[in-house]
Ligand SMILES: NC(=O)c1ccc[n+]([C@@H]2O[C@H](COP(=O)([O-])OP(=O)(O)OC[C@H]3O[C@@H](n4cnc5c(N)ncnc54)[C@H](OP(=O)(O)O)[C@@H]3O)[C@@H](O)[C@H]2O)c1
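Before any questions on binding or motion, here is one chain by itself as structure tokens, the form predicted on its own.
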Amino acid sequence: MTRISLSPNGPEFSRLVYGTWRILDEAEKPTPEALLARFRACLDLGITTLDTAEIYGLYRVEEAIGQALKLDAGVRQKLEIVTKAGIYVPCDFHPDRKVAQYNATGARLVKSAEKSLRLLGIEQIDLFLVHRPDWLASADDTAEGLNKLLQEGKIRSAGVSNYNVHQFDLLNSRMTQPLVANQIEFSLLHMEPLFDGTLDQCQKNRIRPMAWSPLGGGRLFDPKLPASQRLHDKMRSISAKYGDATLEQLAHAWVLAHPSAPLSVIGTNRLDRLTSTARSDSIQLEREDWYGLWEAAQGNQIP
């Protein structure tokens, strides 16, 4: 598995990242032993980076990960852990909350990071992301919290998620240590980062985007979606050239091919799909096929 430095001074992660958003969504909740086995399987595939967030599983996923990692300290030493904070919604876990809200104030970020460290059972977060821009938090306030966490060594590096280019520049201007990543939605079915400057900014700052939902939230396989039908047709015409690659593998390879060198976040709970997806790292799409997939997704030729 290819390894990628997030920035000139940032951490090195695996090119494919294991996302944990839905690890508790199965009908039968996985045991700590089952989750540990899944993390070991990721390591065997070269997937060493684990992505989670405070809000995942309505605030229960981090604890589940921590319980699994507690069973084998050696696994934790081989993993890079990414987590996010800043989204707060009413739920059974926090019955006092009445309205869904973003909170990226410095004090809140520090409190959330410290809670993540405790629940995950780790001493340092490799990458801590502000999950969403908070329109009521000043850049000075947000940066104060991130800078404090960096200075105290509670996080190794800081970044953001779902920030536009202006929000990123503003926050970055207040940081003592530059932001190293922007985790964004990017896929064949969500191409806005190609046009809104987000990926250009990543290249300018020499940081890596992390692509969440690289399969379009599963819509890539919706037979009723015209774009999905066209992409399946295109996949059948080029699959043999790439070792009988599946549409899922080609979709990840399409994301990975962008010159900003994105990392792609995998969201499956199935070991067979993890194993299959890991092959995406070795697929180097020819220019014509990359644009052919773009065309199939868009339903028209380039302008």
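From 1 onward, residues are counted along the sequence shown. Just so it is clear, the structure is predicted and the values come from calculations on it, not from any experiment.
We do not show the form predicted in complex with the named molecule, though everything after this point is about it.
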Heavy atoms within 4.5 Å of the named molecule in the model of the complex: does Ser14 have any? no
Please run the contact check for Thr268 against the named molecule in the model of the complex: heavy atoms, 4.5 angstroms, yes or no? yes
Does Gln183 make contact with the named molecule in the model of the complex, using a 4.5 Å heavy atom cut-off? yes
So in the model of the complex, does any heavy atom of Arg132 sit within 4.5 Å of the named molecule? yes
Considering the named molecule in the model of the complex, find the one stretch among 233-241, 270-278, 41-49, 59-67 with heavy atoms no farther than 4.5 Å from it. 270-278
Non-hydrogen atom within 4.5 Å of the named molecule in the model of the complex for each of Ser5, Thr83 and Arg156: no
In the model of the complex, which of the listed residues (Pro226, Gly217, Gly74, Pro90) lies with a heavy atom within 4.5 Å of the named molecule? Gly217
Stretch 3-32: residues contacting the named molecule in the model of the complex, 4.5 Å heavy atom cut-off: Gly19, Thr20, Trp21, Arg22
